[in-house]
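This document starts with one chain, in the form predicted on its own, laid out as structure tokens.
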């Protein structure tokens, strides 16, 4: 499909900026929405800052800039969601659903929602089927399921073009501190600075993973995908599995003197250990040609290359 203008919420963050760059390179104008005191992506048509819960501000944004599509990334992360469940529900669930209703009223679509495999229970330690029931074990996952269910209902009842991608662990060189799965990036940052780092998981703990560049590409491709080819409203994605020990070994290859150890967190380690090693993503591959570009080696090389300058 041809897309003239897209709104990216959370568009001033690291993920949003990379996604904006993809759209701009393809000739699509980008409107970015994010928190105050954040900088707009380079080349963006417009940047609006404020609170995602401010429905009047968002309604004015849609009236003024008239985006054809929305990619909704704005969200509290897992750690901050557990710390303040009420705020997490207001931001991740209620505000997202309000935005979907506004998009529907303005005839905007597709509406692409960034979800997570944390929307599932932790009982799929080895393999997560596509049609597994979603019973999240944490607040973050629960907020995502709430938005998914409303999006699917709007799609079925009113023809709203809701599209969802569920991401596993995301390997990112920017390593946001509020994400419980950000320790690979933190470990690289520490090694590059000559600082000691203790992995908050056991050496053999790992889970399904996707590199940041594949995340942005999948969002871009899903937004532009032909609706007639999509057989489901939500798709799981997967690239590879790795353990903390494998990551430590890879870091040691680049920084032999890196001071790395393992100090498993009593809550985090079993949580990640029980999340799936492999996520079935056959439908994404069949419906819109999804295929990851980054395996373990390519992801590690890309992240460490960025840190080495």
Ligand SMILES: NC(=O)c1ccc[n+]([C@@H]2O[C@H](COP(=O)([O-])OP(=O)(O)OC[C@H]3O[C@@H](n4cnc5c(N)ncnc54)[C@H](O)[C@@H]3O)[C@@H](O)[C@H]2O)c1
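Numbering follows the first chain given and starts at 1. Computed from a predicted model, the values in this text were never measured in an experiment.
Absent from the display: the form predicted in complex with this ligand. The rest refers to it.
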In the predicted bound form, the residue from 218, 208, 138, 115 with a non-hydrogen atom within 4.5 Å of this ligand is 115
This ligand in the predicted bound form has a heavy atom of only one listed residue within 4.5 Å, and of 170, 88, 237, 222 that residue is 170
If the criterion is a non-hydrogen atom within 4.5 angstroms, does every one of 28, 46 and 69 touch this ligand in the predicted bound form?
no
TL;DR on 227-235, 104-112, 140-148, 195-203: the one with heavy atoms within 4.5 Å of this ligand in the predicted bound form is 140-148
If we define contact as a non-hydrogen atom of the residue within 4.5 angstroms of the partner, is residue 13 a contact of this ligand in the predicted bound form?
yes
4.5 Å heavy atom contact, residue 52 to this ligand in the predicted bound form | yes
Q.
Is it the case that residue 38, even though its partner is missing from this view, gets within 4.5 Å of this ligand in the predicted bound form, heavy atoms only?
A. yes
May I ask you to check whether residue 119 falls inside a 4.5 Å heavy atom distance of this ligand in the predicted bound form? no
